[in-house]
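So here's one chain in two forms, each on its own in structure tokens, numbered structure 1 and structure 2.
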Structure 1
Amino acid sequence: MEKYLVIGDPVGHSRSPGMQNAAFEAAGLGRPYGRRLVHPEELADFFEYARKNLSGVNLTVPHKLQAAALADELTSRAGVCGSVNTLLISEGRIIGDSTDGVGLEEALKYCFQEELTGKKILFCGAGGAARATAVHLAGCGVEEISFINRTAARAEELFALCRKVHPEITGSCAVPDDEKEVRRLLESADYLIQATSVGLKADDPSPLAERFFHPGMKVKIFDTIYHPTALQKIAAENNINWANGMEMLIRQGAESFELWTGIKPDLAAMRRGFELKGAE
């Protein structure tokens, strides 16, 4: 019987089963990880099922915020960002954790092979993914965290949260059509983290206009979306160093795996499992 699940709505596209089962198999633990479609109104009932039947769960859109309210206990990092992507279940008790921040931190270090100390981070987006990762990055010794987001109030609220937890952090907020400020932020940033949902559909435009990018920019682009997007194409055409969201998904999953099993997962096996497009 499956003891671990990824749940979401939709969930059919998730690469987590392929990736997690590869890690479990490499550790000699079989293939205990499945997927289940859970609609938001079913989440409370799912928690009762999980409490009695499962050892661990990953949660994807749209459950991360509601899960924070349903868990019996939150780890401090999940409590700070109010987002839960991992459940640890032991003796009927459900602990909610958030591994997205560590996932992004480790993905950045792996993809760009440098430390984050003193770096200027610019998020494009201030939704759930940005919320789950920005406060964590703010605690990684970076100098600045700034946000460009369509809804200004959401960016300002998230920036204020980063400052509340890490008062030493500097930064600012802008909307995507504030030409002068977007240009200024992009020219001074070390990393642009693309964390909007613009790009999930094949014909989506880039969330930041092509005119903002040019060859020779120092900014490195990390697009949290793991399939090709217009922004990734712009980065490649301008010889800007970039990476897609695959490594973040792998690293947040690796952290979940270690929380559940106490074993460091085989990352190479997880990458191969990811490439199998969710095959179980």
Structure 2
Amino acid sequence: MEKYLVIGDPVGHSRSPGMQNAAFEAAGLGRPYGRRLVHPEELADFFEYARKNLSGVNLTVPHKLQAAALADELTSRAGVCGSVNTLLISEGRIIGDSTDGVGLEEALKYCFQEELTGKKILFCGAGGAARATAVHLAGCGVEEISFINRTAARAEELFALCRKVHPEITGSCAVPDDEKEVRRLLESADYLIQATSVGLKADDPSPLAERFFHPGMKVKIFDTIYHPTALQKIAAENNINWANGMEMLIRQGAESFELWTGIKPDLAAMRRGFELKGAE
């Protein structure tokens, strides 16, 4: 019987079931983790189902912001960023937490083998994934956090939130059409974090035009999407150091697993489980 789920819209692409079930099996807890398609208008009803039937939930796009309003209680880190990707359910009470920030921090360190202190971080996107991760990274000793986002006001609001939590942070915001500022930000950044949903579909273009990239750039690209995307192809063709979102998914999932069970998961087992696309 499923006691844990990942939900989203879409959700068929999710590698969480194979990854999490590998961790549960390694801990001798069977395979209790599944997936469910939940449309945004169904989320409130799903919360009532989860309250009575589940022990934990992971949430992916587009539910992270709405879930923060539906939970009975938020952890401090979820409350600060207003984003939820993990539900802890006990005796009918739902606590919303956010493990995305920890997941990205640990993934960047693992993939690029360096600390984040003093680095300049540039986010493409300012939605739920960016909210959770940017606020967290602002507390990791980085020097600068900037945003490129189609809606300038949303980026500015998120930058202000980062400054509110960590006043020493510097940075700026730009829209993709502001070519001069986008180029300036890309040339000065140590990391570009692709935190939009662009790339989930196989025919999606890169969220930033190919003309912005060239060989020899110092920027390292981390795409939170873990299957091949146009941006990843551009990075490879220009010999830019890059990584996909696999390790972030594993690290945020590991944090969720430990919150649910009190057990540190087997990361090697989770990596093997990640490769089992469609595993339930």
Ligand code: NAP
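In this text the structure is predicted, and so the values were computed from the model without any measurement. Superpose the two forms; the largest set of C-alphas matching within 1.5 Å is the rigid core. Reference numbering: structure 1, starting with residue 1.
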key: Form predicted on its own - structure 1 or 2   = 2
message = When the rigid core is used for the superposition, does Asn241 move between structure 1 and structure 2 (threshold: C-alpha shift of 2 Å or more)?
response = no
key: Post core alignment: Phe222 C-alpha displaced by 2 Å or more between structure 1 and structure 2   = no
request  = Tell me, please, whether between structure 1 and structure 2 the C-alpha of Ala254 is shifted by 2 Å or more, with the rigid core used for superposition.
outcome  = no
task = Quick one: how many Å does the C-alpha of Ala44 shift between structure 1 and structure 2 once the rigid core is superposed?
result = 2.7
